[in-house]
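In structure tokens, one chain follows: the form predicted alone.
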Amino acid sequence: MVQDQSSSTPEGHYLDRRTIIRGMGLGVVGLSTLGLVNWLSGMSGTLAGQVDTSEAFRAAIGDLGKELFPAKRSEKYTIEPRTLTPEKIASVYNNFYEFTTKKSGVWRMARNFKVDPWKIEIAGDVEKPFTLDFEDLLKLAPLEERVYRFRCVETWAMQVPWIGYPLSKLIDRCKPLGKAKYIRFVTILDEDRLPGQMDKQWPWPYFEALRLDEARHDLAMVCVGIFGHGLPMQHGAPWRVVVPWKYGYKSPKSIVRIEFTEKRPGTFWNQALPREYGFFSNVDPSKPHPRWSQAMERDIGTGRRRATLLYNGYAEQVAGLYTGKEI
């Protein structure tokens, strides 16, 4: 595939997953990368003049655990020379198909979404299945803020300060058996509040998985907050996983069940569109998506294009986990 080097990217190079939805006749209007700069230029005025921005930033858990926020920023993780994406942009530009495929509409639909109480089932190859309350998960390990690069498979990117702790801490609490090789995450299913789940062409609820050694890597996070406060619903409240060297869909939101398995489990996008989405889905500029190049990305905070980094810039930390041939 020919790599486009211009500052304005032809639309055909960046058709996203919503193209498939349109092809199904669902009539959904999405926001393509081509229109991103124009959208960003108008968003600041919209937020300043017409929208109560506090609603976009509000933690879905309310005052629960408020004494834990903000968390101290770790000096171990850096995004230099990049800068943080403004919260007013990162919080209103989201993929969460359970609500809508329109990125700018997710946060509006996610306002006032009740997430308390929230329980997480622990099942599969563990010493003993059990249920974990979110409040226990919230306080399972000390919280810290980590600034990570975040890369969507649709070629847009941002830099955000996640709050949480290593996923390995939660895995240890689950006590997986020695034969367990994978961890599977299942997210919320609630058609009454998540209208996107009424579309039965997709295998709801959303589910993802990691190899257990990937999940135990120090970079993989249990995330409960962002920008100094608890997660707003559009970011995956009350908790999600963040795996920064993989495309964003490998970081599942609003998780209600964890399973440990010996055999590799299926994943949502790989099951729905196996030709286009693999199990590993590591960020790799040399491996194009079947319908667009991954060589370049656009920063949603600045609108600028730049070269995509192997493993999203975390190659030094994670390359040893792979042969380089994974898909």
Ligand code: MTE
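Here the structure is a predicted model, which is why all the values come from computation and not from measurement. Counting begins at 1, following the sequence as shown.
Another form, the form predicted in complex with the named molecule, is not on view; read the next lines as being about it.
Taken together, the three residues Tyr182, Glu214 and Ser281 all stay farther than 4.5 Å from the named molecule in the predicted bound form, as judged by their closest heavy atom. Segments offered: 163 to 171, 139 to 147, 69 to 77, 248 to 256. Contacting the named molecule in the predicted bound form at heavy atom distances within 4.5 Å is 248 to 256. The contact residue chosen from Phe134, Phe227, Trp107, Trp156 relative to the named molecule in the predicted bound form is Trp156, the criterion being a non-hydrogen atom within 4.5 angstroms. Out of the listed residues Ile122, Val222, Cys152, Leu210, Cys152 is the one that sits within 4.5 Å of the named molecule in the predicted bound form by at least one heavy atom. Contact annotation for Thr85: none of its heavy atoms lies within 4.5 Å of the named molecule in the predicted bound form. Remark: Tyr206 counts among the residues lining the named molecule in the predicted bound form, judged by a heavy atom distance of 4.5 Å or less.
For the chain shown alone, Trp118 is not a contact residue for the named molecule in the predicted bound form, no non-hydrogen atom being within 4.5 angstroms. Using a 4.5 Å cut-off on any heavy atom, none of the residues of 113 to 137 reaches the named molecule in the predicted bound form.
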